[in-house]
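First, one chain by itself: the form predicted alone, in structure tokens.
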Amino acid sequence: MAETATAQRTVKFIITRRETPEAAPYTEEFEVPYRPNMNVISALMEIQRNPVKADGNKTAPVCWESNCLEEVCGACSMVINGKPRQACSALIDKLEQPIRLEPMSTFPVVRDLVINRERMFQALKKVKAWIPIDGTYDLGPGPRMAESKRQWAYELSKCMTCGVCLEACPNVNERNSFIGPAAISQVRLFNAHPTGEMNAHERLDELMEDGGIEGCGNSQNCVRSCPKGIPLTTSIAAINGDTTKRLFKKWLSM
């Protein structure tokens, strides 16, 4: 009896769609056969396999992004029931129905649930979120990092550029150029690296420009929404102190 009841259950979805970046958004409703331990991605796969709306009419398959299915790559970010999160870790049994899926509004929509994260990647380029090394020859083992520093730096390195923190932040929108919490946290990570700290002043100078750290309104939505639990507000506070010191040093050296 229980197996029969499970087989008859369906999961209702209301998905916000858009055919092109310029097209107006619209919603379509779908009903997917329920299976135990389903997540949102498995439901989207079912819709892709059989793109039939709840009213029985066929439609184009829904477009979305995914890769690892283990909450590591960050590709499947979307707004689920009003909350930005990863679709691969969103279990159907823990979601209120109907389940509403929308693309993240902070980024330009490419199609349906697919977004363009260029804004986030450009921010990382701006702050030089990498360790510059000469890869033309063997440099030997790198400098060692103190274990106490390595432990908190490892937490910052978990960032998967999913964009959830930018979606949750009220200061990241089309009306301003705030760089966002992810890039600021990466500045703290690479400035802490024994090699990366040689370029620390360049990263801090970028954050002292318009759209830098001054754009943070301390809403703390980022740290509450981060799927990896990265201490983003701690990084923002630390970098705020570093940029203040950098400002005084530049002023005194004039």
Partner chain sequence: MKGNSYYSRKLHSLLGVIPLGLFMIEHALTNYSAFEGGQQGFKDSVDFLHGMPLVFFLEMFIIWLPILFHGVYGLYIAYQSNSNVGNFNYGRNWAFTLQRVTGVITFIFVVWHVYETRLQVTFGNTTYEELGSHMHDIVSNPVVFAIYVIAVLAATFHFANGLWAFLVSWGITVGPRAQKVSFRICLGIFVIVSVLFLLSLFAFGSDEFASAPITAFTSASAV
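Since the model is a prediction, treat every value here as computed from it, not as a measurement. Numbering follows the first chain given and starts at 1.
Omitted from view is the form predicted in complex with the partner chain, to which the following refers.
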Is T234 close to the partner chain in the predicted complex, meaning a heavy atom pair under 4.5 Å apart or at it? yes
Residue contact check: K58 to the partner chain in the predicted complex, 4.5 Å heavy atom: no
Examine G211 and determine whether its closest non-hydrogen atom to the partner chain in the predicted complex is within 4.5 angstroms. yes
I'd like to know if Q122 sits close to the partner chain in the predicted complex, meaning any non-hydrogen atom pair within 4.5 angstroms. no
Where, among 87 to 95, 171 to 179, 122 to 130, 140 to 148, do residues come within 4.5 Å of the partner chain in the predicted complex by heavy atom distance? 171 to 179
Please tell me which of M38, I47, C216, L189 lies within 4.5 Å of the partner chain in the predicted complex, judged by heavy atoms. C216
Would the partner chain in the predicted complex be within 4.5 angstroms of a non-hydrogen atom of every residue among Q220, N240 and L247? yes
